[in-house]
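Read the single chain below, which is given as structure tokens and is the form predicted on its own.
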């Protein structure tokens, strides 16, 4: 087992505004078997320039590994201004001991990420596999497609212990998103497949969905009129109304929405 620690240095926080650091490519797959000195030499973006990883983070390595599944990266310090943590990862584990910036777990296809705080926008963006657990809240576009893309999450699992923002699962085609709290507007917008479960309230969920299952256990604010009531069912121990839609999308609308 190889454990790599990345402790953010105070220099990252200097100045009037924090300049974000982008950690795409710093994954268990890429760091497997590397020494601390080798990891420190890797280049990452800090604002509009590239810096050595070791100039921005204190790097520690314990143990060794021959495969990425046996690599764990522990992020220490305030990572709220650190973007793309775990982007594209395929195996191993990343633990963020604080809040984390935008695009955490974006396009990941395997492995596990645990965020012990809140996550910025586009967490789990276009996720293909693996598991992303956020113990705090998630911002907008959780498990969604990025602007201009046609497909969002296609596989894997996202769990949010708190609440989430707007457009959860935008263009979702597969996988599962579970949010224990409330969400903002248009969860499941354009959903094509997969499953989204919302424990709290939601506003206008399921717009333009043509497939998949969307479950809202709390109050639905502004229920869209383009869903057809089809009876009641028990879902995960809760009796809910079943709707088909979004019928505004015509014959291709085969989505299922469960709501109180």
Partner chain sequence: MPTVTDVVCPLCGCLCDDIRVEVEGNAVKKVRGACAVGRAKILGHGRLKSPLLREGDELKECSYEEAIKRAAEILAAARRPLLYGWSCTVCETHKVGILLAEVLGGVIDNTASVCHGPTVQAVQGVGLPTCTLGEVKNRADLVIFWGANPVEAHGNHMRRYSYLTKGWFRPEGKKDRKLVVVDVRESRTARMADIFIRVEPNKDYLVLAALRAIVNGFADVVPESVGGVPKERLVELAEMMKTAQFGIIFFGMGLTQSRYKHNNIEQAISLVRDLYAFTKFAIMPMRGHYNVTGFNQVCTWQTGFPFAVDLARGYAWYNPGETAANDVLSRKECDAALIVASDPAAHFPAECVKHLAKIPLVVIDPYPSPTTEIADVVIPSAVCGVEAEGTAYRMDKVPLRLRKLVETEFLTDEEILERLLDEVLKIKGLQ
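Positions refer to the first chain, counted from 1. The shown structure was predicted, so the numbers you read here are calculated from the model rather than taken from an experiment.
The protein also exists as the form predicted in complex with the partner chain; that form is not presented, and the subsequent description refers to it.
*Asks:* Any chance 84, 139 and 167 all have a heavy atom within 4.5 Å of the partner chain in the model of the complex?
*Replies:* Looking in the model of the complex, the three residues 84, 139 and 167 all sit within 4.5 Å of the partner chain (heavy atoms).
*Asks:* I need to confirm a contact call. Of 41, 232, 222, 62, which residue comes within 4.5 Å of the partner chain in the model of the complex, counting heavy atoms only?
*Replies:* Filtering the options by heavy-atom distance leaves 222.
*Asks:* Looking at the partner-bound form in the model of the complex, is residue 18 within 4.5 Å of the partner chain by any heavy atom?
*Replies:* Close contact exists here: in the model of the complex, residue 18 approaches the partner chain to within 4.5 Å, heavy atoms only.
*Asks:* Does residue 79 reach the partner chain in the model of the complex if we count a contact as any heavy atom within 4.5 Å?
*Replies:* Heavy-atom contact with the partner chain at 4.5 Å: absent for residue 79.
*Asks:* Residue 204: heavy atom within 4.5 Å of the partner chain in the model of the complex?
*Replies:* Flag for residue 204 set to yes.
*Asks:* Quick check on residue 251: any heavy atom within 4.5 Å of the partner chain in the model of the complex?
*Replies:* Output for residue 251 is yes: heavy atoms within 4.5 Å of the partner chain.
*Asks:* The partner chain isn't shown here, but in the model of the complex, which of 89 to 97, 181 to 189, 71 to 79, 156 to 164 has heavy atoms within 4.5 Å of it?
*Replies:* So the stretch in question is 181 to 189.
*Asks:* Pick out the residues of 37 to 55 whose heavy atoms come within 4.5 Å of the partner chain in the model of the complex.
*Replies:* Residues within 4.5 Å: 45, 46, 47, 48, 49, 51.
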